[in-house]
Structure formats: C-alpha cells, structure tokens
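The chain below stands alone and is given as structure tokens, in the form predicted alone.
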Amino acid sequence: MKRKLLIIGGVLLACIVCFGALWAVSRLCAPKYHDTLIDGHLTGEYYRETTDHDVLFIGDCEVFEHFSPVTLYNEYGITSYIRGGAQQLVWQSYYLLEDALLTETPKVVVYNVLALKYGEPQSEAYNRLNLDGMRWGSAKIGAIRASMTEGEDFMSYVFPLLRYHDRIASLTAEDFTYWFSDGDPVSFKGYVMHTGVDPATETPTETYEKKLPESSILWLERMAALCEAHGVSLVLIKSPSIYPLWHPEWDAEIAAFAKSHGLRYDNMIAENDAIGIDMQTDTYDQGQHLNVFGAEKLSRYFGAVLRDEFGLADHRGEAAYDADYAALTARYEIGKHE
C-alpha cells in the first residue's frame, strides 16, 4: 500500500513539475507587450484596479488615446477606466464589457463606433493584442471564438506555447525582465499618452460600403441589451479624427440606431470647434489620433456632458479615490513632461 502511494505521489509530482515547466517556458516565449508594442499590455492592466469606475470606455485607439481618466477625475471627480485595444472589434468590445460587468457595474459605458465598419475578423495579430491579456472565463472563450481568423487554432490561446514556441530563438531582454512579472503599468487607467506633435496635412479619400455590416449592428444590439440588463447607460460616440474617415451614411445609420434605442450619440468630429481641437497642435500623427493636449481638451468637454447628462458623482474628497488618483496624477505629469 505504501509503495502504491509513493508511486502515485511520484506521478503527481512529475505532472506538477512538467506543468510548471510548460507554464514557465510558455510565459517566457509569449510577447510581453511592456517596453515594445504596449497596446497588448492594456487588456491585462485592468485587473490591477482596486477601485470601481463610474464610467467605462470601450473601443479602439480612438478611446485609449483620446480620453484621459486623470483629467476626468481632476476636473470633475469622475472615476473612469478605458478598456480599449488596438483595432478592437465590436464583438471584442462586447466581451470585454461582459467580463468587466462580472466585478463592477459602472453608471455609464461609452463605446466608440469606428470599429463597426468591420463585420468579420481581421487579424490574428490584433486579436492577440486584445485577447491574450483577458482573464479566463466564458467572456474570453466567446471573444476568441468570435475573433479567430482562418487558420487560427483555439488551443493556441489556451496554450500560448503552441503559437509562440518559435520565439525561443529570438528572445530579448524584455522577455527575461518580465518573465514572471508584469512590470509597472504602461497606461494611465487604460489611457496611452503621446506628447509629440505632427500636424494634419490633408484629408485622404477612400471607397467604402454605404451601409455598415449587418453583423456589426447585431453586436451593437447585444451590447445595448447587455447594458440595459445591468442598468447601465450606453453612450455611443465617434471620437474626433481626420482619418480613418467616418462617412455621412454611417453617421446617419448610427444616429438612427441611437434614436430607436433611446441612446445618446455624439459625433465629435462635428464638435471640434466647441471642444477646441486643433489638428495642427493636438495630434501626434497627422490627425489620426490625439496627443495628450488634445485628449485633455476632449476629456474636459466630454466630462461636462457625463456630469450634466448622467448626474455622475464627484468623488474628490473620498480618501480611496483621492489616494489612487494622486499617485496616478504624479506619474501622469512626469510622463507628460518627459
């Protein structure tokens, strides 16, 4: 009997050692997204949060580079987080929201509508940036299944070594530095700061479908229903930019959708003057995205909308939030002036 127990114990120990080694090698080979290509670090950073948020932003780079949670708090006391990602597709936004609602219930969810122009999965690389950092659960499983492009394998998301094993020959110092640690945050509650200035030149032209994909609108329907089920106000926005283009037909379609569902929709391209955006000084890449100066202007403008239209509380003076945002602001100001 004793011999049998020893054998069983030895087998279990061997399994544990093998699993541990597989996990360690898998983590070493997986991209770290910390010092380079930091967009892939954003999804996982959300799980470090210790306070709730009255506002959650979801969507693509037009949220994570255009809105400053630091400004929203310091100007209005609004607590917020940006669950954004590079080319975050609408079904990915849906599942990231579903995941967030497992642990908190914001007053308002703000969704940027640009990605609605995509009705099908686009790129494994962008899938990985958005999904690798998600915690495991039904939301991540749903997001992966909805996002996989032709040739992708679900099990490679479960066991990243299946996808990244070839990186063993090209590991960098970043891989070893963050092998067992996620390192310091790369964002400011999901906001990615850019301080450079590269003025807009001219608006390009492009051919496009006059109607947004039906599949995208169906996912937007699901998002609206999810928010309604949780008592959350959904706000649709088109963040200010020159390119990629947001066409009049798409704008009219989303305006009609918002009206039929009782939602607020703000096309902020049309509100540039009111916001004070100047694409000669407030963009770091010729009008595609805002730099920190443009993001602060937009956040001051939209923060007043959130406060006045949705009656959001001013949390300044509450010890937990003040301590959290004081530390964040100090790091933010250093980044802004580097």
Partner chain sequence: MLFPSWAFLLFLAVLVPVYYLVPKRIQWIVLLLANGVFVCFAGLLGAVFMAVTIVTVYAASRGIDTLFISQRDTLAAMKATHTKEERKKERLRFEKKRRGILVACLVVNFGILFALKYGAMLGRLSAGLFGTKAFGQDLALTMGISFYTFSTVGYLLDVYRETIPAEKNPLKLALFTSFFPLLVQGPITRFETAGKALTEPHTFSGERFLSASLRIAWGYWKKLIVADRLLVAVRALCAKPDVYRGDFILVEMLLYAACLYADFTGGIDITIGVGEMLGVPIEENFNRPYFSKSISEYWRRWHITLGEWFKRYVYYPLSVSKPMRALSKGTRRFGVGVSRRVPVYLATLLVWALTGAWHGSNLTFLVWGLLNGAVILLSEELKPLYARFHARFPRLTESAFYRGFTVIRTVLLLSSLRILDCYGTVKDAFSSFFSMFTTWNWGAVFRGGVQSLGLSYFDYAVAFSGVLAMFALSMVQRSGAIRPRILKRGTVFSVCVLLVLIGTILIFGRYGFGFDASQFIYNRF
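Numbering follows the first chain given and starts at 1. Just so we're clear, the structure is a prediction, and the values are computed from it rather than from any experiment. Here the rigid core means the biggest group of C-alpha atoms that line up within 1.5 Å when the two forms are laid on top of each other.
Keep in mind the form predicted together with its partner chain is missing from the figure; the text below concerns it.
Trainee: When the contact criterion is heavy atoms within 4.5 Å, does residue 214 count as touching its partner chain in the model of the complex?
Mentor: No.
Trainee: Please run the contact check for residue 164 against its partner chain in the model of the complex: heavy atoms, 4.5 angstroms, yes or no?
Mentor: Because a heavy atom of residue 164 falls inside 4.5 Å of its partner chain in the model of the complex, the answer is yes.
Trainee: Should residue 151 be classed as touching its partner chain in the model of the complex when contacts are defined as heavy atoms within 4.5 Å?
Mentor: Although its partner chain is absent here, residue 151 would touch it in the model of the complex, with heavy atoms inside 4.5 Å.
Trainee: Would residue 334 count as a contact of its partner chain in the model of the complex, using a 4.5 angstroms cut-off between non-hydrogen atoms?
Mentor: Flag for residue 334 set to no.
Trainee: Please name which of the stretches 183-191, 105-113, 254-262, 121-129 has residues with heavy atoms lying within 4.5 Å of its partner chain in the model of the complex.
Mentor: Going by heavy atoms within 4.5 Å, the stretch is 121-129.
Trainee: Select from the listed residues 197, 171, 155, 229 the one whose heavy atoms reach within 4.5 Å of its partner chain in the model of the complex.
Mentor: For this set of options, the contacting one is 155.
Trainee: For a quick check, can you give me the residues of 11-34 that have a heavy atom within 4.5 Å of its partner chain in the model of the complex?
Mentor: Sequence-ordered list: 11, 14, 15, 18, 22, 25, 31.
Trainee: Using a rigid core superposition, assess whether residue 326 undergoes a CA shift of 2 Å or more between this form and the one not shown.
Mentor: For residue 326, whose C-alpha is compared between this form and the one not shown after core superposition, the shift is less than 2 Å.
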